[in-house]
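To begin, one chain is listed below as structure tokens, in the form predicted alone.
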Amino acid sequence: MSTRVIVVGSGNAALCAGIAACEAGAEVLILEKGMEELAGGNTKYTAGAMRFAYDGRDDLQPLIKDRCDPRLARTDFGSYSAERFANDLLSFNGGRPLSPEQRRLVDQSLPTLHWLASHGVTFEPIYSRQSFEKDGRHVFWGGLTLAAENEGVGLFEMELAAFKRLGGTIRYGAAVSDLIFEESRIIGVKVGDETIDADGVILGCGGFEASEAMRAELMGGQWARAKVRGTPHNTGDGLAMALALGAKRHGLYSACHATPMDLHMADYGGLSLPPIERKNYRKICYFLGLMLNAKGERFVDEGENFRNYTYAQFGQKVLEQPDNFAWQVFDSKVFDLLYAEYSFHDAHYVEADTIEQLCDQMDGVQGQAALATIAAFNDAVDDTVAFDPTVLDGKSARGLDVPKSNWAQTIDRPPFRAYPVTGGITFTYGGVAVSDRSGVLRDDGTEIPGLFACGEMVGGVFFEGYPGGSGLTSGAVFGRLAGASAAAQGVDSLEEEQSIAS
């Protein structure tokens, strides 16, 4: 008799769990809360980038779909060691040591990417967002090099196809309302009035970012006003069910991944748009210009680091400003460097031939204060250092209340543009504690038999921020682990029953 595994959710983490459980010989059913068009959780809203440790081109080659791309011969991918990945995570830990969950993420990142490739998931170099041309070569920066083919939508479609090829089944419009716990273990789930039996249940159904009430309660009142840039279905259902069974809370509940977003975007990333276009509401090129709040003041060091290491924090910083918004200001020197979302057909911005006219058009901003801020910034720019977006170039603006450490160029070449932004919440960091096999733990450190978790459900992976691309990799790492463990759980239970019977 085969092991029966239920996976709750159908995003990247859940699908990886399903693939791994099928691979281990289990009979796997994925239960997805949404209808088919909204399946995939937050995954379909992402750009599909995945961060992982690698030594060089040889580690990347097996992952790349088009290995005949002529650009590859002129590409410098560099390397991204496990030590560097760990240090990048540590830089967002607020003084906390590397957690066991983070260590697993780092150690299993490359093997997990190769495992995905073995199931037909292919990747593309992120030329448009992670590299700049320098001396005729494409130079990658920030340790992030590859994204799934066709971004988040493609990742979902490739993983779902792999799951089905292995014999997995998925049901849509099947919201799990309860976990069935009998005889000291999980034995199934409830979907409405229906009971579905299982040897193991994997919660891969996301965090609580789409619940306004939970955001306000667990993160603070300002988060009730955040734009939700992902699925409307991540309302903390799995978390609530696990906690009701005594699961241990783990991680930093007050923190989340937040991104500067178009102020006028609809909640849930614009559900009227094709999924692949929803990411275009992001506005993460602030490092090429300035961000001003309603008082006309700068409030972050836009050039503190590569945007991979700052955008998840700066979304929160924007939300903390008066009236929860800011404007991103650029001049024409950088228009050709702005990402595609800045020229998206629904992008909101104002344009003017003078700074004075621009500030007059920036709704909600004290115009004279904004003018003074820009003038003071321009005076502080170090013109002796060359601008180089491929490195932390040290081209700074110092002597200001808020310096700009890199990529500081004067705002002086017309036309000028300003884009209104707010904070968009992507996913929450607080979750449950899991064992080294992804079993959900109680407060006393024992596992809840038959219950596993992956993806945003797992606490302790991120704390006060994260290096971009780590979220999808974490989902894949813990999803793969949960799937294999849940499949083995059924085998263990069967062996135990046979032993008792004999």
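Here the rigid core means the biggest group of C-alpha atoms that line up within 1.5 Å when the two forms are laid on top of each other. One rule holds for the numbers: they count along the sequence shown, beginning at 1. Remember, it's a predicted structure, so these values are computed and weren't measured experimentally.
A second form of this protein, the form predicted in complex with a small molecule, is not displayed here; the remarks below concern that form.
- A175 belongs to the set of residues with a heavy atom inside 4.5 Å of the small molecule in the model of the complex.
- Although the partner is absent here, G483 sits far enough away that none of its heavy atoms falls within 4.5 Å of the small molecule in the model of the complex.
- Looking at V8, you'd find a heavy atom of it within 4.5 angstroms of the small molecule in the model of the complex.
- Taking non-hydrogen atoms only, P260 never approaches the small molecule to within 4.5 angstroms in the model of the complex.
- Between 431-439, 60-68, 445-453, 470-478, the stretch whose residues reach within 4.5 angstroms of the small molecule in the model of the complex through a non-hydrogen atom is 470-478.
- Annotation: Cα of F181 displaced by less than 2 Å between the shown form and the other one, core superposition.
- Taking the rigid core as fixed, one finds a CA shift for Y311 of 2 Å or more between the shown form and the other one.
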